[in-house]
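Form predicted on its own, single chain, as structure tokens, below.
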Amino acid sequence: MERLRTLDGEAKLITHIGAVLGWDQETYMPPAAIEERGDQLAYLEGLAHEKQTMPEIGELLAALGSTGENPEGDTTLSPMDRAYLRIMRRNYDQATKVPTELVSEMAKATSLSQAAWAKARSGNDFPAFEPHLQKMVDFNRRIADCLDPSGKPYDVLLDRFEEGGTQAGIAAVFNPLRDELVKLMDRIRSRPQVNDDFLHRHCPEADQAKASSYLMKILSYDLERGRLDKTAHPFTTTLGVSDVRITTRYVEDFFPSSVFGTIHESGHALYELGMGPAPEYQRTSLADAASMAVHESQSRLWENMVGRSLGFWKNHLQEFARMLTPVLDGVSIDEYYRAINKVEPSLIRTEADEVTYSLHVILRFELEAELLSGNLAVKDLPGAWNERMQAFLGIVPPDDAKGCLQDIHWSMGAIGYFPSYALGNLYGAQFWDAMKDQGFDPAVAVENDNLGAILTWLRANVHSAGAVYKPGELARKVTGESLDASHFMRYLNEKYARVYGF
């Protein structure tokens, strides 16, 4: 077991080294360095893959009784050790099915794809990105075929992010959720719209940066173990056990983009920094997220259930307004609260309100499934995107930069990830209710400016477990029930009845 952890840790080291290069590429790297950076990342990806597929790992797993049919191994081992074997068996079986050459080839193509996406997005030039996206789709099909040639490609990819996830299973959750969201939107449309004009006042980037620093501090994001930089698309990346970095985006005519982007990414970072079920399992695959949806639950919980709450801003709006003077001069707490929770169909997913956000996710879920199946050609993506935006949200992007080029995920080859965002909303609301059921009301903690108490509960119940439990198991262990969208819809209905007065 110790030897297995050592080999796993060596692969993690390589992954973290690669993360340093990836972070640098997205923040400070000079543009002309992209070609060699692709070679560097491809080399490291290949090296990590070789580590993950060493025959010795298979031998160690077998010696510990772990097989495809019995991944947890010998029943005399501790529950934590058995959980670790389950994860290592899954990772090893998946890794050994994908050739190292394919991993390296995709890593280099991904590096070039991300750079092409950033350039295409800034220049509103989808045709320039199209060949790179086609490669990402093709690579994902090849990987899905390696992992399970008999499976539906999109199902195979979904399972990589949410173990056990399938297109049919997720659609079964999303379809009724979409119907409930539409009902809520209809109720909101019947009420006078909220005025949020002041959110669009000019706000210098330097002032927003000060506000971001303030927000990170009150959320207890440890800057001895992380930092904030700016990028085209906000992200969180783990460069080491005590090095988890975040980025945000500053839009000078809409400062909430950086405010809630910073809170969102801080939520991811808090989860990463809190992982680790035991010292011996730090820097191993057990100190990973239960799933990407659980990861998103942490960012969405902090961004929305805390960061967009009335209690939060009662404690912090005065100081916040001082930093952004004169942007919020004359704005009352009630006006500000209603404005940051305004429900209105929007073009950009990361800036969408809580009610319409999941519709953005469902749109991407459907489109990437069609791309993988071949029912949608890459060249036709802009048109399909615009048609779906009209059908779901009643608006059409004026250009591709605000349409199908807005997200970084597909340029990274992360097909199958998007459902995690909406599923994360559901997990987050269910965890929130579990706190109340266990005698600790997080809303009261927010009103009392005791955010540390919420973090402490999450660390004890969600973060520290890492990947010991599958996502569904974690939900049942923490909340006593399987994932249930009713918690999220109850939260939305109660909140927006107050915002819109119905």
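Residue positions are given as counts along the sequence shown, with the first one as 1. The structure presented is a predicted model; accordingly, all values stated were derived computationally and were not measured.
Omitted from view is the form predicted together with a further copy of the same chain, to which the following refers.
Are L21, E224 and R245 jointly within 4.5 Å of a further copy of the same chain in the predicted bound form, each by at least one heavy atom?
Yes, the whole trio is in contact, each within 4.5 Å by some heavy atom.
Looking at M29, L61, M435, A445, which has any heavy atom no more than 4.5 Å from a further copy of the same chain in the predicted bound form?
After the contact test, the surviving option is M29.
Give me the residue from V327, L239, I348, V251 that has a heavy atom within 4.5 Å of a further copy of the same chain in the predicted bound form.
Flagged contact: L239.
Given that the partner is absent here, state which listed stretch (53-61, 38-46, 463-471, 436-444) has heavy atoms within 4.5 Å of a further copy of the same chain in the predicted bound form.
Correct option: 38-46.
May I ask you to state whether I14 is within 4.5 Å of a further copy of the same chain in the predicted bound form, using heavy atom distances?
Although a further copy of the same chain is absent here, I14 would touch it in the predicted bound form, with heavy atoms inside 4.5 Å.
Do R283 and a further copy of the same chain share at least one heavy atom pair within 4.5 Å in the predicted bound form?
Yes - in the predicted bound form, heavy atoms of R283 and a further copy of the same chain come within 4.5 Å of each other.
With the partner left out here, check for me: in the predicted bound form, does some heavy atom of D484 sit within 4.5 Å of a further copy of the same chain?
No, D484 is distant from the partner.
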